[in-house]
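Only one chain comes next, encoded as structure tokens, the form predicted alone.
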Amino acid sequence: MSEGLTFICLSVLIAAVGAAEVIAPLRTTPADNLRMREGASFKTAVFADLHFGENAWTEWGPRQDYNSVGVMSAVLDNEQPDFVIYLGDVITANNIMIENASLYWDQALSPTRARGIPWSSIFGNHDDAPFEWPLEWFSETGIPQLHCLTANASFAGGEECSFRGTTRLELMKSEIEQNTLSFSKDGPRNLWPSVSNYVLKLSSASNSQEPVVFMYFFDSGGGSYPEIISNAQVKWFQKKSEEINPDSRVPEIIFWHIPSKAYKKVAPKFNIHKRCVGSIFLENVAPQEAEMGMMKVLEKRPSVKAVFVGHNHGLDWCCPHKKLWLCFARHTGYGGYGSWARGARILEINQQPFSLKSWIRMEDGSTHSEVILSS
């Protein structure tokens, strides 16, 4: 394979998606409503920067996807979370030459789906980037032979191979329609091309109408459009939060992929605030291209407890910022840059009294960097 540079569209799927997957049960709650379990905390695993589909025409690429499945499986088996969040850069679309990149997206979801755990996802800057032709294809070895899907294949895509890529809307539509455990949404149409904008309510075990926390998800751009959270998204959050949480009584948690500029100010490289909690501070923050006002709104809202992002693989810290916390996840996937050990950020929510605790669970089973984010 390495000598002939043979590209096989479905090779990475075989490594991780097996016949042993559990059939997902139907939802028993509304599409935007999660439930606490009686007498138990609510635990969430955050998988960031998986980068499935990288260098699929080499031996290296499929092996990294296989290893990424191993990381997620280890975290899920150790933590047994109630929910999973895919925090962007699920795939490296600029490395995926088939039209239906949802095949790789589906592989990334497979460890969570196989265990019957519900999840939600948001987009990162690599998830719908245009295909970039590898320079080695124009060397003496030439363009690899293409083995496309056959016309009678059971997978979507027919017999086509395409370099067009798969859009955010197509990826989200595929996830939602094919997975009853997915709580993801394609967001209000007036916010497109920003797609993954929605809010989920975590309700009390005893009363589905009693909110314990609201979780907001945002598409921070990149790939097919600039790396920003737009003013339109800010206004959507203001309107939505006023509608469902007018007195700011219920705690709120925020998720997006690319850090805001506030992250760069709170913990510049080599000058970490003494109250920051983490294990790797090994690169500069790579923030969004512009700040359109989202952070100012969050800073003024007393119910907002923490913001969680990915994007920087060499950062896994949480730092206090005004009355809230700014946190990075942990690089989960073997795709993408960096050789740091892989893991995932874990969140644990308790209802009475409300508390939000977080730590990092590593692939080898160890934990570190525990921090209370609700104080």
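On a predicted model such as this, the values are computed, not experimentally measured, just so you know. When you see a residue number, it is the position in the sequence shown, counting from 1.
Beyond the structure shown, there is the form predicted in complex with another copy of the chain, which is absent from this document and is the topic of what follows.
Heavy atoms within 4.5 Å of another copy of the chain in the model of the complex are found in one stretch of 165-173, 178-186, 253-261, 299-307, which is 165-173.
Each of P193, K235 and M292 comes within 4.5 Å of another copy of the chain in the model of the complex, counting any heavy atom.
Mapping the unseen interface onto this chain, N231 counts among the residues with a heavy atom inside 4.5 Å of another copy of the chain in the model of the complex. At a distance threshold of 4.5 angstroms between non-hydrogen atoms, F281 is out of contact with another copy of the chain in the model of the complex. Taking the partner from elsewhere, P226 is found to have a heavy atom lying within 4.5 Å of another copy of the chain in the model of the complex. Contact between S206 and another copy of the chain in the model of the complex is not found at the 4.5 Å heavy atom cutoff.
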